[in-house]
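One chain comes next, on its own, written out as C-alpha cells in the form predicted alone.
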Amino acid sequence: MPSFYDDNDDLRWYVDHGIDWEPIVRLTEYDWKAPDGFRSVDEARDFYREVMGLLGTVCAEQIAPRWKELDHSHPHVVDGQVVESAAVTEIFSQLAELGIHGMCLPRELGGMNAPLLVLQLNTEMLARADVSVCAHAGFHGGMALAALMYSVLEGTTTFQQDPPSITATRFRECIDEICSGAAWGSMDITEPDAGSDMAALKTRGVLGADGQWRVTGQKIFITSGHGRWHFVIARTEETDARAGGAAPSGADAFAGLKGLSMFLVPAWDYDEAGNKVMRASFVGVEEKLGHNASATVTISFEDSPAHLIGQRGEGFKYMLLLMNNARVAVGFESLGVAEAAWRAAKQYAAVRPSMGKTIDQHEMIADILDEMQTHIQGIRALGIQAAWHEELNQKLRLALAHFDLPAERRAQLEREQKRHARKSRHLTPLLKWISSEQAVHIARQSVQVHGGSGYIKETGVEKLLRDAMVFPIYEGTSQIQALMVMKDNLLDAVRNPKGFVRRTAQARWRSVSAKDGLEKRVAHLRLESQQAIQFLVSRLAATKLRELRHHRPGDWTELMKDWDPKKDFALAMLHAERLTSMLADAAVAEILWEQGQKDGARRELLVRWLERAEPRSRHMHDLITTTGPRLLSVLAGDTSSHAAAK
C-alpha cells in the first residue's frame, strides 16, 4: 500500500507550495539561532517531508491494515488498571521508537523541534489509518507540549538568550516520560453533571495546611484517561454565582468559571523501591459506538496530590489554550476519516459494475464522489490556515514574553500576534464545525456508495461512519462552535458598526466591480454572509428599540450595552449553525481564491467549491431571513393560533 503522504497530491501541494513556512520555521528555530537548528526554510521543509513520508508509510503499512483488530479488541479494566489491546501496544511501541511523541518538543528536551503544523498534518494521516490510534497519539506528544507551554506561561521555564534555548522547565519528569513513550497525559474536564456547562463543575482542589494541593472528584468520558499525567480542571473558589453547587436563578451561568483552577495530577507515583503507588482510581472504560481501540475512561480522584498550574482561578484560561489546539486537531482527525471514506467509495465505485458500466460513471454516484473530494480539499485548506494562524499566535506570545527584543521589533511582533490571534479565533470554530459535520456526511455517503456491502462490517466503511459520529460531539459540540461564531460576529457588528459597514461595502463593491469572475463570486459569498449578520443584528436592535421607548433618551446608551444573550440573541441562537455554514463557505472560498492567485491550477478547486457553496449559502440565507419567529413564540410560551401563523 502506498504511503499516505506520497499518494495525497493535495496534502503534498501544501507542504511544497501552499504553506508559508518562513515565519513558523523562523520562530521555531529561535530566529535561526537555535543550536543545531536549521538555517533555512528549504532545509527545514526537507526534514518535515522526511518525517511525514516516514509516518505516512507506517500509517499505510503498519496501522491501516490492522483496522479490524483495532476495532474489535477493546480496552478493559483489570485489577484497577486499563489494559489495551496487543495491536495498540505494538503500534505505540513502534511510534515511540520513531520519536513521534517528541515531534514538536524543543531539541534541548529531546524532541524533533518540528512545528505544531507538522503534527497536525500527521494527524490527518494517522486518522485516515485509524482514528483511535490517532486520538491516543495526540495525548502523547500533545500533552507533553501542553506541559511545556503551561510552564512557560506561568514563568517556571527558564531560557538563556545566547544561544537561545530552554535551560529548565517545571514539568520535566512529565515531559520526559511522554517523549520516551513511557507515559501519556489527558485533559480531564467533563463530569457526570457538567459537560458544556463548565460552571457546574464540582471536582474540588483544596490547599492543605502542609502547602500541598489535593484534588477530589470524578471525571468521565476522558479520552486516553488511563495514563499517568492528568490536566484536571477543578473548583478552588466560590463565586457569587455559586449556591450549593448551582447558579441561583437569574445569575450569570458563566460566573462560576472564575472559580476554576488547572492542576497537573499524577494518577500514580513510585515509592523508593520503584513500586507504583496509585493516587487515583480508574473506575471503568466506556463501550462506545466507535473509536473502539481508544480508551474512554472514568477516573476518580480522592485527595489526590496535585500541582497547581499558574494562579488559582486561572483554570478556564489555561483550558482554552488546550481546547483551541484540540479543536484544530479534531479538524484534522475529521479530515483523515473523510479522506479514508472518500477513497474507499472511489475505489469501490471504480470496480463495481451496474447496468453496463462501473457505478462511478453513473451521474448521481459521480456527483457524490465529486462533492466528497471538494469538501475534503476545502476543509484541508481551512484547517491548514487555522493551524498556521494559531501556531504563529502562540509562538509570538512566547517570543514576546521571554526574549529580549528591540523596541521596534517588539512593537511589530505584538501587532502580528494580535492579528494571528484574531484570525485563529475566527477560523478555529468554523473548522471544527464544518470538518465534524462533513466527516459524518462523507462517511455516510461512502456507506451509500457501497450499497449493501457498506452496511456489512467486513468492508470497514461502516466503521468510518461510527468513528465519525463523535466529531460533532467532543471538544465542544457543533452547536457550541456555532454559538461562538454567532456571538463573535454579532457582537463585532454591534460594537464596531463602522468596521462592519466598511467590510460589507467592500464585499459589495468587489462582487460587482472585480475583473475576475471568480473573484466576483467569492465576494458575493462573503456579502451574503454579511447580509445575514446584518439581518440578525437589525432584528436584535429592533427588540431593544421597543424596550427603549419606555426609557429616557439619556439612558439609551447604557441600556444598549446591556445585552442579554438568553433573550436578545434568541433568533441568532436559533440560526447559529446556518450562519456558521455561510461563514465557513465564505472563508474557504477566500482561501482558495488566494491560492488561485499564486497557482493557477488551484482555480479548478475554487470553481468546484463555489458550485457547491453558492446554492447552499443562498438556502441558509433564506432560512435565516424567513424562519424562526413561530418556534421562538412557542419557546416563549405563546401557543396561540395567532403566534403560530406569524
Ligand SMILES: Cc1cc2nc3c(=O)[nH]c(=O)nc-3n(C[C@H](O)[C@H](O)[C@H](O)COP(=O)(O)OP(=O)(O)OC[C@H]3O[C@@H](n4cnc5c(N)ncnc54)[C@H](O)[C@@H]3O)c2cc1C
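Residue positions are given as counts along the sequence shown, with the first one as 1. These figures come from a predicted structure and were not determined experimentally.
Absent from the display: the form predicted together with this ligand. The rest refers to it.
task: Indicate whether the candidate residues Asp188, Ile222 and Thr477 are all in contact with this ligand in the model of the complex, with contact defined as any heavy atom within 4.5 Å.
output: Contact check passed for all of Asp188, Ile222 and Thr477.
- request: Can you check 423 to 431, 530 to 538, 371 to 379, 465 to 473 and let me know which stretch has heavy atoms within 4.5 Å of this ligand in the model of the complex?
  value: Stretch 465 to 473 is the one.
message: Is it the case that Trp229, even though its partner is missing from this view, gets within 4.5 Å of this ligand in the model of the complex, heavy atoms only?
response: Answer no; every heavy atom of Trp229 is more than 4.5 Å from this ligand in the model of the complex.
query: Could you tell me if Phe263 has a non-hydrogen atom within 4.5 Å of this ligand in the model of the complex?
result: Outside the cut-off, so no.
message: Gln81 versus this ligand, in the model of the complex: is there a non-hydrogen atom within 4.5 Å?
response: No, Gln81 sits far enough from this ligand in the model of the complex that none of its heavy atoms falls within 4.5 Å.
query: Would Phe139 sit within 4.5 Å of this ligand in the model of the complex, counting heavy atoms only?
result: Close contact exists here: in the model of the complex, Phe139 approaches this ligand to within 4.5 Å, heavy atoms only.
Interface residue in the model of the complex among Arg503, Lys288, Arg343, Arg170, criterion: non-hydrogen atom within 4.5 angstroms of this ligand: Looking at Arg503, Lys288, Arg343, Arg170 one by one, just Lys288 meets the 4.5 Å heavy-atom criterion.
task: Taking 4.5 Å between heavy atoms as the contact cutoff, choose which of Gly460, Pro75, Gly195, Gly310 touches this ligand in the model of the complex.
output: It is Gly195.
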